[in-house]
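Okay, so here's just one chain, in structure tokens, the form predicted on its own.
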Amino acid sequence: MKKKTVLELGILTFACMQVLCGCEKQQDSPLMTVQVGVACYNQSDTFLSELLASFKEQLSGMETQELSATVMQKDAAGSQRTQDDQVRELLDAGCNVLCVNLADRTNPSEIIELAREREVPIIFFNREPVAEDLMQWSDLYYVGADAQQSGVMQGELAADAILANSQIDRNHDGKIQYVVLEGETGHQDAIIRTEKAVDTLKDKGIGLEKLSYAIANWNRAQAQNRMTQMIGQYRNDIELVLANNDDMALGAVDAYEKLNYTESTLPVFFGIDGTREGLRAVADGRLAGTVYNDKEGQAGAMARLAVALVCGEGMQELSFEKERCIYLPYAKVTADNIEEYQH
């Protein structure tokens, strides 16, 4: 019996030594972990949710035996104070890089200070901070697109449609009566998209008469409500609807459909973003066009930048503008090229 016990002890000792040797081998090639903390202004935003889904997918695809990646996500529901607290929670949880979609693009100072204290870099995305704020610290970056380009392209799409179809000017007065659905009061992208779309239409020689505008906070249901109110006021006078994003353009379409307007009395609708629903609406002819905001390209740039910042290599492979910004170009989408953008 004693011999058996000694034998068993020897076997157990040998097994333990094998495990320890295995651990030492693993320690020879340590695993690098990219722990991304994502803070978004409102994850019910359709474009944002699609961008973040692509980000997580592309980041996961970059994992190797030497590199693992995790994502923790917080939703501020539009409150900058809430987002500040959430960033603190993400840092306390051990995140070593932050991706921040600001609730208030003019007020990032507390987030920046929190990250700087922990030496954790920040990638701002989709909502660009004021240029001076981006220069507060060397480890601040931005990934997104140029709002001015999207407004110009929306204006070009609308101008092309009007010049190709005289029936858009239903009352034949030589002017297009239009309304605007804006994303957010005082929001830089909303202001720029609207101004550039209208300026581009005028530059193309299109006579315009602005009937009204409404703030719908990038939201489809709010846009439907605001559009219903404008229809009640202007009836069949509205010939063109310019919306700062696809969700609001679709909300405007919803309002007309709910009121059972016939196709001959509908205005033309244009959005921006190229969300899945927006692209489907272009394919179905419910939207005359949209401007594609390259969410896959932005998501990929965010993923590569996050890994490079944590691992300390790969930055030279990224194309920066203004030293710390990565901008992906927009593209015009109509029924003629919709198949290129639907996956």
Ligand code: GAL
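A residue's number is simply how far along the shown sequence it sits, counting from 1. Values in this document were obtained by computation on a predicted structure and should not be read as measured data.
Although it is not shown, the form predicted together with this ligand is what the next lines describe.
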Among 166-174, 126-134, 250-258, 69-77, the stretch whose residues bring a heavy atom within 4.5 Å of this ligand in the model of the complex is 126-134
Is His187 near this ligand? Define near as a heavy atom within 4.5 Å, in the model of the complex. yes
Taking heavy atoms and a 4.5 Å cut-off, does Arg226 contact this ligand in the model of the complex? no
Do Tyr41 and this ligand share at least one heavy atom pair within 4.5 Å in the model of the complex? yes
Could you tell me if Leu48 has a non-hydrogen atom within 4.5 Å of this ligand in the model of the complex? yes
If you apply a 4.5 angstroms heavy atom cut-off, which residues in 259-275 are near this ligand in the model of the complex? Asp273
